[in-house]
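Take a look at this single chain in C-alpha coordinates; it is the form predicted alone.
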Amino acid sequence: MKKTILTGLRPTGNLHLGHLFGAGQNYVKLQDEYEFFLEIADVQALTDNFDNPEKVRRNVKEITMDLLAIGVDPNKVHLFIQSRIPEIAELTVFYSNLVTVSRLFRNPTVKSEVAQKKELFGKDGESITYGFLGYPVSQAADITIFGGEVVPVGDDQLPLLEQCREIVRKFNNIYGDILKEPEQYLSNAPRLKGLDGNEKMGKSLGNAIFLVDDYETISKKVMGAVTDPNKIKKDDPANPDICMVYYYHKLVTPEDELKAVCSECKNGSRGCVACKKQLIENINKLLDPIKERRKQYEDNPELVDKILEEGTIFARNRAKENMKKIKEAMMIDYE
(Lines give C-alpha, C1' and ligand atoms only; values in the text may rest on other atoms or scores of the structure.)
Protein backbone atom coordinates (compact mmCIF):
# COMPACT_ATOMS: atom_id res chain seq x y z
CA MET A 1 0.00 0.00 0.00
CA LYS A 2 1.28 3.43 -0.92
CA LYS A 3 1.45 6.05 1.81
CA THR A 4 -0.88 9.04 1.47
CA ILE A 5 0.64 12.43 0.69
CA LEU A 6 -1.21 15.75 0.96
CA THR A 7 -0.19 19.17 -0.22
CA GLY A 8 -1.96 22.26 -1.46
CA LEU A 9 -1.61 25.52 -3.35
CA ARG A 10 -3.47 28.77 -2.80
CA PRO A 11 -5.24 29.99 -5.97
CA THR A 12 -4.06 33.59 -5.77
CA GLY A 13 -2.26 33.72 -9.13
CA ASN A 14 -0.52 31.64 -11.75
CA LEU A 15 2.47 29.45 -10.93
CA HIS A 16 5.93 30.93 -11.46
CA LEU A 17 9.43 29.49 -11.81
CA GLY A 18 9.77 29.36 -8.03
CA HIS A 19 6.79 26.99 -7.88
CA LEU A 20 8.13 24.90 -10.76
CA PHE A 21 11.60 24.34 -9.28
CA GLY A 22 10.56 24.43 -5.62
CA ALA A 23 7.49 22.19 -5.72
CA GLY A 24 6.12 21.35 -9.15
CA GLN A 25 8.93 19.09 -10.29
CA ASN A 26 8.65 17.27 -6.96
CA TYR A 27 4.91 16.75 -7.49
CA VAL A 28 5.59 15.00 -10.79
CA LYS A 29 8.09 12.71 -9.08
CA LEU A 30 5.98 12.01 -5.98
CA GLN A 31 2.81 11.16 -7.90
CA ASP A 32 4.37 7.80 -8.81
CA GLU A 33 5.41 7.03 -5.24
CA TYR A 34 2.36 7.97 -3.13
CA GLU A 35 -1.40 8.19 -3.16
CA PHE A 36 -1.42 11.90 -3.84
CA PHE A 37 -4.08 14.42 -2.74
CA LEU A 38 -3.42 17.89 -4.20
CA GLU A 39 -5.65 20.60 -2.78
CA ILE A 40 -6.60 23.85 -4.48
CA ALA A 41 -6.81 25.75 -1.19
CA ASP A 42 -9.42 28.39 -2.00
CA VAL A 43 -10.64 28.71 1.59
CA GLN A 44 -7.12 29.39 2.81
CA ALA A 45 -6.64 31.91 0.00
CA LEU A 46 -9.65 33.82 1.32
CA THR A 47 -7.99 34.36 4.70
CA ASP A 48 -6.06 37.30 3.24
CA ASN A 49 -8.14 37.83 0.08
CA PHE A 50 -11.54 37.95 1.77
CA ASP A 51 -12.33 41.24 0.01
CA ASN A 52 -11.44 39.88 -3.44
CA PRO A 53 -13.30 36.58 -3.95
CA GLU A 54 -13.32 37.03 -7.74
CA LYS A 55 -9.53 36.73 -7.76
CA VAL A 56 -9.64 33.45 -5.85
CA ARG A 57 -12.47 31.98 -7.95
CA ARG A 58 -10.74 32.88 -11.23
CA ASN A 59 -7.44 31.37 -10.20
CA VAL A 60 -8.84 27.97 -9.20
CA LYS A 61 -8.90 26.89 -12.85
CA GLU A 62 -5.79 28.90 -13.73
CA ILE A 63 -3.63 27.12 -11.18
CA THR A 64 -5.18 23.76 -12.09
CA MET A 65 -4.19 24.24 -15.73
CA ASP A 66 -0.68 25.23 -14.63
CA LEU A 67 -0.36 22.04 -12.59
CA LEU A 68 -1.61 19.85 -15.43
CA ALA A 69 0.75 21.61 -17.85
CA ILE A 70 3.86 20.86 -15.78
CA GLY A 71 3.02 17.16 -15.71
CA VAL A 72 0.67 16.52 -12.78
CA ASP A 73 -1.29 13.48 -13.97
CA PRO A 74 -5.00 13.43 -12.98
CA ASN A 75 -4.89 9.64 -13.26
CA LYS A 76 -2.34 9.58 -10.43
CA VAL A 77 -3.24 12.69 -8.42
CA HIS A 78 -6.56 13.59 -6.78
CA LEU A 79 -6.91 17.29 -7.63
CA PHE A 80 -9.69 18.81 -5.55
CA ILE A 81 -11.16 22.12 -4.38
CA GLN A 82 -10.88 22.72 -0.64
CA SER A 83 -14.21 24.52 -0.18
CA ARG A 84 -16.07 21.57 -1.68
CA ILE A 85 -14.97 19.30 1.18
CA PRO A 86 -17.17 20.48 4.10
CA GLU A 87 -15.56 17.91 6.39
CA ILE A 88 -12.41 20.05 6.40
CA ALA A 89 -14.31 23.02 7.83
CA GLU A 90 -16.06 20.74 10.32
CA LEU A 91 -12.81 19.22 11.53
CA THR A 92 -11.24 22.69 11.77
CA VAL A 93 -13.94 23.60 14.31
CA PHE A 94 -13.21 20.48 16.35
CA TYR A 95 -9.47 21.14 16.31
CA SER A 96 -9.93 24.76 17.35
CA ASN A 97 -10.74 23.50 20.85
CA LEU A 98 -7.30 21.91 21.08
CA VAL A 99 -5.17 24.98 20.30
CA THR A 100 -4.72 28.14 22.36
CA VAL A 101 -4.64 31.59 20.80
CA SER A 102 -1.24 32.26 22.38
CA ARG A 103 0.17 29.12 20.70
CA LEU A 104 -1.04 30.34 17.31
CA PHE A 105 0.56 33.74 17.85
CA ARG A 106 3.85 32.00 18.69
CA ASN A 107 3.89 30.03 15.44
CA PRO A 108 6.97 31.37 13.58
CA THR A 109 5.37 30.98 10.15
CA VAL A 110 2.27 32.92 11.22
CA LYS A 111 4.40 35.65 12.81
CA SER A 112 6.48 35.98 9.66
CA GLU A 113 3.46 36.19 7.36
CA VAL A 114 1.67 38.72 9.58
CA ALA A 115 4.81 40.89 9.46
CA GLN A 116 4.83 40.65 5.66
CA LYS A 117 1.18 41.74 5.43
CA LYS A 118 1.40 44.98 7.41
CA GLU A 119 -0.95 46.78 5.02
CA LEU A 120 -3.64 44.20 5.68
CA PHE A 121 -3.14 43.39 9.36
CA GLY A 122 -1.44 46.52 10.72
CA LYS A 123 2.10 47.14 11.90
CA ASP A 124 1.79 44.94 14.99
CA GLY A 125 -0.85 42.59 13.64
CA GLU A 126 -3.58 44.43 15.54
CA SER A 127 -6.04 43.83 12.68
CA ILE A 128 -5.29 40.15 12.16
CA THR A 129 -8.43 38.14 11.52
CA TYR A 130 -9.56 35.03 13.33
CA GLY A 131 -9.46 33.14 10.03
CA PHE A 132 -5.86 34.04 9.24
CA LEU A 133 -4.59 33.40 12.74
CA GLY A 134 -6.25 29.99 12.72
CA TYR A 135 -5.13 28.82 9.30
CA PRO A 136 -2.59 26.36 10.80
CA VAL A 137 -5.58 24.66 12.43
CA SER A 138 -7.32 24.47 9.06
CA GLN A 139 -4.15 23.03 7.52
CA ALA A 140 -4.10 20.33 10.17
CA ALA A 141 -7.65 19.45 9.15
CA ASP A 142 -6.62 19.41 5.47
CA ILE A 143 -3.90 16.87 6.18
CA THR A 144 -5.64 14.58 8.62
CA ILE A 145 -9.10 14.35 7.07
CA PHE A 146 -7.52 12.34 4.24
CA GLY A 147 -5.24 10.34 6.51
CA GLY A 148 -2.21 12.25 5.25
CA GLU A 149 1.00 10.52 6.29
CA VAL A 150 3.51 12.64 4.38
CA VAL A 151 3.50 16.39 3.69
CA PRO A 152 5.96 18.13 1.33
CA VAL A 153 7.23 21.27 3.07
CA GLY A 154 9.98 23.83 2.86
CA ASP A 155 11.97 24.88 5.91
CA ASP A 156 9.71 27.90 6.42
CA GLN A 157 6.64 25.66 6.71
CA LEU A 158 8.01 23.23 9.30
CA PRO A 159 6.34 25.12 12.19
CA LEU A 160 2.95 24.57 10.53
CA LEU A 161 3.54 20.85 10.28
CA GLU A 162 4.74 20.69 13.88
CA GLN A 163 1.54 22.44 14.95
CA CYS A 164 -0.42 19.78 13.06
CA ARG A 165 1.47 17.04 14.89
CA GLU A 166 0.72 18.70 18.23
CA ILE A 167 -2.99 18.72 17.39
CA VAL A 168 -2.88 15.04 16.35
CA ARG A 169 -1.13 14.03 19.57
CA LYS A 170 -3.59 15.96 21.72
CA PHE A 171 -6.60 14.57 19.84
CA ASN A 172 -5.33 11.00 20.12
CA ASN A 173 -4.54 11.45 23.81
CA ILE A 174 -8.16 12.46 24.47
CA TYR A 175 -10.12 10.33 22.01
CA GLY A 176 -7.92 7.33 21.27
CA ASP A 177 -5.40 6.47 18.60
CA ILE A 178 -7.47 7.64 15.62
CA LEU A 179 -5.32 10.08 13.66
CA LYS A 180 -2.02 9.56 11.87
CA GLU A 181 0.84 11.87 12.79
CA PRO A 182 2.20 13.15 9.46
CA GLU A 183 5.87 13.12 8.50
CA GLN A 184 7.67 15.85 6.61
CA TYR A 185 9.02 15.49 3.11
CA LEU A 186 11.71 18.14 2.81
CA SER A 187 12.48 19.20 -0.71
CA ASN A 188 16.15 19.68 -1.56
CA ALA A 189 15.16 22.45 -3.97
CA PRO A 190 16.11 25.86 -2.57
CA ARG A 191 13.64 28.72 -2.49
CA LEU A 192 14.10 30.63 -5.72
CA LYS A 193 15.24 34.25 -5.48
CA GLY A 194 13.47 36.98 -7.40
CA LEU A 195 14.89 38.75 -10.44
CA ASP A 196 15.50 41.75 -8.18
CA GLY A 197 17.71 39.73 -5.83
CA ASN A 198 15.00 39.40 -3.18
CA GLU A 199 15.34 36.15 -1.23
CA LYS A 200 11.83 35.19 -2.31
CA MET A 201 10.23 35.11 -5.73
CA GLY A 202 6.64 36.14 -5.12
CA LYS A 203 3.41 36.74 -7.02
CA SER A 204 2.91 40.13 -5.40
CA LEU A 205 6.55 41.26 -5.39
CA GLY A 206 6.84 41.95 -9.13
CA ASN A 207 10.00 39.84 -9.37
CA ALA A 208 8.66 36.58 -10.77
CA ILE A 209 8.56 34.87 -14.15
CA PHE A 210 5.23 33.09 -14.53
CA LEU A 211 4.77 29.90 -16.50
CA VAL A 212 2.17 31.66 -18.67
CA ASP A 213 4.34 34.68 -19.47
CA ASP A 214 4.82 35.24 -23.20
CA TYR A 215 8.17 35.88 -24.91
CA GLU A 216 7.86 39.65 -24.75
CA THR A 217 6.99 39.65 -21.05
CA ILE A 218 9.84 37.31 -20.17
CA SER A 219 12.25 39.44 -22.20
CA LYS A 220 11.21 42.63 -20.42
CA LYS A 221 11.55 41.02 -16.99
CA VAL A 222 14.95 39.45 -17.66
CA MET A 223 16.34 42.64 -19.18
CA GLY A 224 15.52 44.37 -15.88
CA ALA A 225 17.19 41.70 -13.70
CA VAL A 226 19.85 42.76 -11.20
CA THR A 227 23.47 42.21 -12.26
CA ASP A 228 26.87 42.93 -10.69
CA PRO A 229 26.72 46.69 -9.90
CA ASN A 230 30.50 46.98 -10.35
CA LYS A 231 30.27 46.09 -14.04
CA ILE A 232 29.91 49.50 -15.66
CA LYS A 233 31.20 48.92 -19.18
CA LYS A 234 30.52 45.99 -21.47
CA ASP A 235 34.07 44.62 -21.22
CA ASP A 236 34.46 45.08 -17.45
CA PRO A 237 35.07 41.79 -15.61
CA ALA A 238 32.25 40.86 -13.24
CA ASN A 239 31.34 38.49 -10.45
CA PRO A 240 28.65 36.01 -11.65
CA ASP A 241 27.98 34.87 -8.08
CA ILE A 242 26.22 38.16 -7.28
CA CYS A 243 24.39 38.39 -10.61
CA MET A 244 20.75 37.29 -10.81
CA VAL A 245 21.13 36.57 -14.52
CA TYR A 246 23.79 33.96 -13.81
CA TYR A 247 21.66 32.69 -10.91
CA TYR A 248 18.91 31.84 -13.41
CA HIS A 249 21.37 30.55 -15.99
CA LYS A 250 22.31 27.87 -13.44
CA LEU A 251 18.68 26.71 -13.45
CA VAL A 252 17.92 26.62 -17.16
CA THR A 253 21.18 26.66 -19.14
CA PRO A 254 22.95 23.45 -20.27
CA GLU A 255 26.21 22.69 -18.48
CA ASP A 256 28.50 23.35 -21.46
CA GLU A 257 26.91 26.76 -22.09
CA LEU A 258 26.97 27.55 -18.37
CA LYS A 259 30.73 27.15 -18.13
CA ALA A 260 31.19 29.63 -20.94
CA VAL A 261 28.76 32.08 -19.32
CA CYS A 262 30.72 31.97 -16.07
CA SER A 263 34.23 32.29 -17.54
CA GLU A 264 33.29 35.00 -20.04
CA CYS A 265 31.56 37.00 -17.32
CA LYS A 266 34.65 36.82 -15.11
CA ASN A 267 37.12 37.83 -17.83
CA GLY A 268 34.98 40.63 -19.26
CA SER A 269 34.42 39.13 -22.70
CA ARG A 270 30.64 38.89 -22.19
CA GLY A 271 28.30 41.85 -21.94
CA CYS A 272 25.21 41.81 -19.75
CA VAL A 273 22.81 42.38 -22.66
CA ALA A 274 24.09 39.33 -24.56
CA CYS A 275 24.01 37.29 -21.38
CA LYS A 276 20.40 38.30 -20.71
CA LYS A 277 19.34 37.50 -24.28
CA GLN A 278 20.81 34.01 -23.97
CA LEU A 279 18.93 33.52 -20.69
CA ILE A 280 15.69 34.68 -22.30
CA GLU A 281 16.07 32.04 -25.01
CA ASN A 282 16.78 29.27 -22.50
CA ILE A 283 13.85 30.20 -20.24
CA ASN A 284 11.56 30.08 -23.25
CA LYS A 285 12.95 26.69 -24.29
CA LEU A 286 11.98 25.43 -20.83
CA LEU A 287 8.53 27.00 -20.79
CA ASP A 288 7.40 26.51 -24.40
CA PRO A 289 6.42 22.80 -23.96
CA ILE A 290 4.60 23.69 -20.73
CA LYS A 291 2.63 26.43 -22.49
CA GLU A 292 1.81 24.07 -25.36
CA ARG A 293 0.36 21.50 -22.95
CA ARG A 294 -1.50 24.24 -21.10
CA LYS A 295 -3.14 25.44 -24.32
CA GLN A 296 -4.76 22.03 -24.73
CA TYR A 297 -6.60 22.63 -21.45
CA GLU A 298 -7.35 26.27 -22.27
CA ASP A 299 -9.03 25.05 -25.45
CA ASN A 300 -10.95 22.37 -23.53
CA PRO A 301 -12.12 24.00 -20.27
CA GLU A 302 -14.73 21.27 -19.79
CA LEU A 303 -11.86 18.79 -19.35
CA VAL A 304 -10.44 20.88 -16.50
CA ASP A 305 -13.90 20.95 -14.89
CA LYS A 306 -14.15 17.17 -15.23
CA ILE A 307 -10.72 16.61 -13.64
CA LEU A 308 -11.57 18.84 -10.68
CA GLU A 309 -15.02 17.25 -10.32
CA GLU A 310 -13.69 13.69 -10.29
CA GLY A 311 -10.83 14.56 -7.94
CA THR A 312 -13.18 16.37 -5.57
CA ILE A 313 -15.68 13.48 -5.51
CA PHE A 314 -12.88 11.05 -4.64
CA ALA A 315 -11.51 13.35 -1.93
CA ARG A 316 -14.99 13.95 -0.49
CA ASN A 317 -15.63 10.22 -0.18
CA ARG A 318 -12.32 9.72 1.64
CA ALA A 319 -13.11 12.65 3.94
CA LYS A 320 -16.54 11.20 4.76
CA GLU A 321 -15.03 7.85 5.70
CA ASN A 322 -12.49 9.41 8.04
CA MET A 323 -14.97 11.87 9.55
CA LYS A 324 -17.23 8.96 10.50
CA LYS A 325 -14.36 7.43 12.54
CA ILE A 326 -13.50 10.78 14.09
CA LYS A 327 -17.08 11.46 15.19
CA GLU A 328 -17.40 7.97 16.65
CA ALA A 329 -14.27 8.59 18.69
CA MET A 330 -15.62 11.97 19.87
CA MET A 331 -18.99 10.38 20.71
CA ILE A 332 -20.94 12.76 18.46
CA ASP A 333 -22.06 10.14 15.95
CA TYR A 334 -25.81 10.67 16.43
CA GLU A 335 -26.95 9.11 13.16
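Note that the structure is a prediction, hence the values are computed from the model and not measured. For every residue, the number given is its place in the sequence shown, counted from 1.
The same protein also exists as the form predicted in complex with a small molecule; that form is not shown, yet it is the one meant from here on.
A.B. asks: Looking at the partner-bound form in the predicted bound form, is residue 183 within 4.5 Å of the small molecule by any heavy atom?
C.D. replies: Contact with the small molecule, no.
A.B. asks: Are any of the heavy atoms in residue 312 no more than 4.5 Å from a heavy atom of the small molecule in the predicted bound form?
C.D. replies: Because no heavy atom of residue 312 falls inside 4.5 Å of the small molecule in the predicted bound form, the answer is no.
A.B. asks: In the predicted bound form, is there a heavy atom of the small molecule that lies within 4.5 Å of any heavy atom of residue 327, even though the partner is absent here?
C.D. replies: Answer no; every heavy atom of residue 327 is more than 4.5 Å from the small molecule in the predicted bound form.
A.B. asks: Does the small molecule get within 4.5 angstroms of any non-hydrogen atom of residue 179 in the predicted bound form?
C.D. replies: Outside the cut-off, so no.
A.B. asks: Looking at 192, 91, 265, 79, which is the one with a non-hydrogen atom within 4.5 Å of the small molecule in the predicted bound form?
C.D. replies: Contact residue from the list: 192.
A.B. asks: Give me the residue from 218, 258, 153, 212 that has a heavy atom within 4.5 Å of the small molecule in the predicted bound form.
C.D. replies: The residue from 218, 258, 153, 212 that makes the contact is 153.
A.B. asks: Spot the stretch among 168-176, 238-246, 218-226, 196-204 with residues whose non-hydrogen atoms come within 4.5 Å of the small molecule in the predicted bound form.
C.D. replies: Of the stretches listed, the one contacting the partner is 196-204.
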